[in-house]
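Here you get one chain, nothing else, as structure tokens; it is the form predicted on its own.
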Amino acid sequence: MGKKAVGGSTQSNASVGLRLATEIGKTAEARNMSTPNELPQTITDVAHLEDLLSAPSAGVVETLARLPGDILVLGAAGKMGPTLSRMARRATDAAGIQRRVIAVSRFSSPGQEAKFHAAGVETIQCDLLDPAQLARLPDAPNIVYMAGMKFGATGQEALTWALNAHLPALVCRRFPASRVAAFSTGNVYDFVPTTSSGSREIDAPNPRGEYAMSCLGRERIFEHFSRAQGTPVSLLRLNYAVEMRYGVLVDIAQKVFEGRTVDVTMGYANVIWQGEANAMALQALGHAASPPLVVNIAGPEIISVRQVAEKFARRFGKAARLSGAESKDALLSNGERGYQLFGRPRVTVDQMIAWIADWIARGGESLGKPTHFETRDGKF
């Protein structure tokens, strides 16, 4: 079956979306909001952070202006889901079109749904592994698939495979005609030399450990149903999202600030500002295809763990305690294909370092979810 991209509605809607995107700054200023064109020197609090992470780019507004229909965000209560859902809502409003944005999750923590509702996002409680509950979800032409398991995979391998490889089959059967932007991970690649520019989408996967293997299983299931029933899919290999409360840079910064040792054996990594990862994922809905589009979502800068630790140490006025020696290979992704499709990231590593150092020094909130990016044996 040849590649079949799914488009949207009329050119006039797209033009309206682009015109309205230029007005986001004025509207946001009136509401005391941040915009993608105005990066603040400091991020004052969680409300400011989440506003920044959910500010839609012109590309997101244009994409959602031309794609008809509602959006379901499956597995929306994780680290990225709340701000991605809010970005979809804000972009839809900026485009001046009518659609429901619906966040779907078990919502096991108190107060989670209220934050979605405050942002104009509907919620549905659902155990996605239960076919009866999945069947009761409303039809939607657009699906952002964020469900999955990483942390705690070791010791719960069966559940990991059920969530990462079985659930996609249930979703594809339930929504055969919907566009799907499905999150995957750069962990499906093998390690590459640190002198390289990172793995590209044309490189053969070679996952290490059961978590990464189950994620490749997720991709293969989506690919199978995309080919078999024509479901348009984009597979998003993320590596790694960062904001103030979690991420590779936060892991390093917290260790330096608390005087703990930073292991530099996994000497290099990619990072990308979560807001820009959100924007790329939503734009990927407009590129969903059969067979699937595969695209890396990764920052353009390959960071040195040692150098990042030393930068945080200087900002904190502390010594960086380091252990180990850099390996000659690492898990690295090349994001150039994504930049061609969605635009180049604007938030640099140095900007993220400045924001994170300030946040941690002021005692800012942490999610307490380390990335374990330094893991080399695939056990999470």
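Counting begins at 1, following the sequence as shown. Note that the structure is predicted; figures quoted are calculated from it, not measured.
The form predicted together with a small molecule exists for this protein as well; it is not shown, and the discussion that follows is about that form.
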Inset, instruction - Among 181-189, 302-310, 287-295, 202-210, mark the stretch whose residues have heavy atoms within 4.5 Å of the small molecule in the predicted bound form. - result: 181-189
Legend entry - Gly75 within 4.5 Å of the small molecule in the predicted bound form, heavy atoms: yes
Legend entry - Residue contact check: Arg136 to the small molecule in the predicted bound form, 4.5 Å heavy atom: no
Legend entry - Met280: touches the small molecule in the predicted bound form, heavy atom cutoff 4.5 angstroms: no
Inset, instruction - Determine whether any heavy atom of Asp127 comes within 4.5 Å of a heavy atom of the small molecule in the predicted bound form, and answer yes or no. - result: yes
Inset, instruction - Could you spot which one of Ala95, Val262, Met87, Ala147 gets a heavy atom to within 4.5 Å of the small molecule in the predicted bound form? - result: Ala147
Inset, instruction - Select from the listed residues Tyr268, Tyr246, Trp161, Phe175 the one whose heavy atoms reach within 4.5 Å of the small molecule in the predicted bound form. - result: Tyr246
Inset, instruction - Report yes if all three of Met80, Ser105 and Arg218 come within 4.5 Å of the small molecule in the predicted bound form by some heavy atom, otherwise no. - result: yes
